[in-house]
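This document opens with one chain alone, in structure tokens, the form predicted on its own.
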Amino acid sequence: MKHGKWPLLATFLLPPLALYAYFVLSPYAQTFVISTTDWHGLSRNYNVVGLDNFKKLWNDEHVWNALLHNLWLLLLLPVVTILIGLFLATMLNVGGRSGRITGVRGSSFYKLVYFSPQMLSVAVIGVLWTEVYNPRSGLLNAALRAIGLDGLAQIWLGDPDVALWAIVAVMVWANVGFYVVLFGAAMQSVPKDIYEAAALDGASRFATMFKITVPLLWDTIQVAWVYLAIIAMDSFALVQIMTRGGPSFSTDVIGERVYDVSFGDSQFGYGSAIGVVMFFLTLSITVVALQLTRRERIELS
């Protein structure tokens, strides 16, 4: 029986592993090969150009512009999303008064509302917010005009100075609800006595969150940081739907560069080179984020 389990395991594991290798790992490997060619994607003919595509990439101002925008997303999205998520989760789960840690009334309903964007696909979110930002018939400008703030109405996705920040706001809105629920679930494992003692000692909500909640939830925050960093690097879908990298490349990101170069200009070799760089950047950022956010685990007795 000890040796008889291996055929059974192989029967169940080998088919899915083979499919994963063929449909996931194989395209990655092919990308590395294609990045060293001048393949145009429409014929079998190509020439091996070595590192020429990477040299071209180094001098491509559009790639550097896209990288800068990804850097802004990388700096803003995790920080803003985690801070808002922690604040809302704290209010919903440990936001009681007079030392009573009960959370706000109707917290389950609020969690459902905050989480609801997670039930929408990226395509739906992109189309929805494109209409919200519409300068003529959009809900945002209409609301601003209705309360007498006409001067704040903008051409949100048509102004190069505003478009990127408008997309950042959408990304925060789309992701924050998940982390409210995630942090809220993590807070359930923290003994209420700790929060009650802090409240009785007169600790403010601000002090409680940053001196109690954050240290005790640090492992969960670390995971959130890594996930959001990956989302910041892989922001192509939302950008493609809402602005296609415009206006004037003001919302261009690396994923959009790969798409435009490969499918727009039929330079699949060069597009693959950009994809390889993006792969190593995302991997490096993940490793760095894990190292920078590493702390000693706090055990609760």
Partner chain sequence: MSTLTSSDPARTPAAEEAVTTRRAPAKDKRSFVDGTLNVFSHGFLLVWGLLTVLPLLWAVLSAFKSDNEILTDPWGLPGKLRWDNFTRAWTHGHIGQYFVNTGIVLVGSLTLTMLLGATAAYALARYQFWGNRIVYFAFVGGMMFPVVLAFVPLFFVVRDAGMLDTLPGLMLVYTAYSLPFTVFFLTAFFRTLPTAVSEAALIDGCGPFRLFFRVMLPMAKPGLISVGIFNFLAHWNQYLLPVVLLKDENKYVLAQGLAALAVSEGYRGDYSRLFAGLTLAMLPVLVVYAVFQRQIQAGLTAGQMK
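Numbering follows the first chain given and starts at 1. In this text, the rigid core denotes the largest set of C-alpha atoms whose superposition between the two forms falls within 1.5 Å. Note that the structure is predicted; figures quoted are calculated from it, not measured.
Not on display, but discussed next: the form predicted in complex with its partner chain.
Residue in contact with its partner chain in the predicted complex (any heavy atom within 4.5 Å), chosen from Leu216, Leu92, Leu77, Ala166: Leu92.
In the predicted complex, its partner chain sits within 4.5 Å of a heavy atom belonging to Pro117. None of the heavy atoms of Leu51 is located within 4.5 Å of its partner chain in the predicted complex. Mapping the unseen interface onto this chain, Ala232 falls outside it, with no heavy atom inside 4.5 Å of its partner chain in the predicted complex. When contacts are judged by a 4.5 Å heavy atom cut-off, Thr11 counts as touching its partner chain in the predicted complex.
Not one of Leu57, Leu71 and Trp156 is positioned with any heavy atom within 4.5 Å of its partner chain in the predicted complex. For the stretch 141-164, the set of residues having any non-hydrogen atom within 4.5 angstroms of its partner chain in the predicted complex comprises Ala142, Ala143, in sequence order. Relative to the superposed core, Thr11 undergoes a Cα shift of 2 Å or more between the shown form and the other one.
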